[in-house]
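Heads up, the chain below is alone and in the form predicted on its own; it's given as structure tokens.
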């Protein structure tokens, strides 16, 4: 079936001319088309045509997006969406002056969510998570990463990954699963790290890989979580089992995570709020994506990652919400883009690249999504504005009116429609 995305005000292609990535200042080039429409066939982009040539073609379906801006389907590359329970009480304590680390050390933090997840059934988790995915789709997100990491036992980590797998079957978007069993040490192994590491390496990773329950293996390299040496052992084992690597690192302390990530060719390093200057060039010389999470800095009232230095040194920079119950209870990607522009000195163009093509790189999907190029998936987020700058200018406001995945409309916000 041949369709036409007709008469948009702007087509923000994020065209990479086949490179499938935008390093440093190249992230400023969005290659915006005007006076053009997009031909899609089945689930792929097949051409861009001038509007005055449309009459020469016959289409099975025309989606009229007059006075709207078309972007690639947004890619949300770092979330902890698979959780249940509330940590509002911890939020209150932080406002009273307690630090995130102090709360974790006193038995709160990640382990309080672990307790809630362990009590939840498979169906409980599906029911809680579905509205969150619906909200992501309403923002124009067509590719969504979700991590485990709130089970921290063999049974409960598998349960979370099976939930994510089921959600991927339910929804038309791509939901990519990440195994984050190395999120923190569960209470029962607080004083026996070697035992929990053995469960991760000898039981969880082989089973997850054999049963295709996750594509990625992640870990939290932090003084209150896993050491660089422990992460390295996990990563070496994950690689042997065919899992791709990502790493939470340099959030509160820099304890060697960057070196481990680069040594193991990790797809991404995420957080980087306390990234030392002497590691910026190492990252810039690599193909590892720097996934920055300004929602965490905002939510914890903490320092922001050095986005400007990374971009000025030619690094690959992506953005994500890090949606989670403790340190970034934010699922609004638009807000993240605005925070990156206002607080991290990223240009509007850089923020758009960071939630499209470069975010796709963090998920190893850059060859199929993240930019509007011939041969790529017909994934679009269509915004109710005539100027793409409005997307970042409207802080916290969702301007997305239509979400298209594989050439099919999967969300339409009639409230945003403009009437004559």
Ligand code: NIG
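Positions refer to the first chain, counted from 1. Since the model is a prediction, treat every value here as computed from it, not as a measurement.
There is another form of this protein, the form predicted in complex with this ligand, and it is not shown here; the text below is about that form.
A heavy atom within 4.5 Å of this ligand in the model of the complex is found for one listed residue only; from 326, 151, 306, 295, this is 326.
Although the partner is absent from the chain shown here, none of 176, 246 and 358 has a heavy atom within 4.5 Å of this ligand in the model of the complex. Taking the partner from the other structure, this ligand in the model of the complex has no heavy atom within 4.5 Å of any heavy atom of residue 189. In the model of the complex, this ligand stays beyond 4.5 Å of every heavy atom belonging to residue 76. Using a 4.5 angstroms limit between non-hydrogen atoms, residue 322 touches this ligand in the model of the complex. Proximity of residue 171 to this ligand in the model of the complex falls outside the 4.5 Å heavy atom cutoff.
The candidate stretches are 118-126, 191-199, 155-163, 248-256, and the one lying within 4.5 Å of this ligand in the model of the complex by heavy atoms is 248-256. Residues are counted as partner-facing when one of their heavy atoms sits within 4.5 Å of this ligand in the model of the complex; in 76-115 these are 78, 80, 87, 100, 110, in sequence order.
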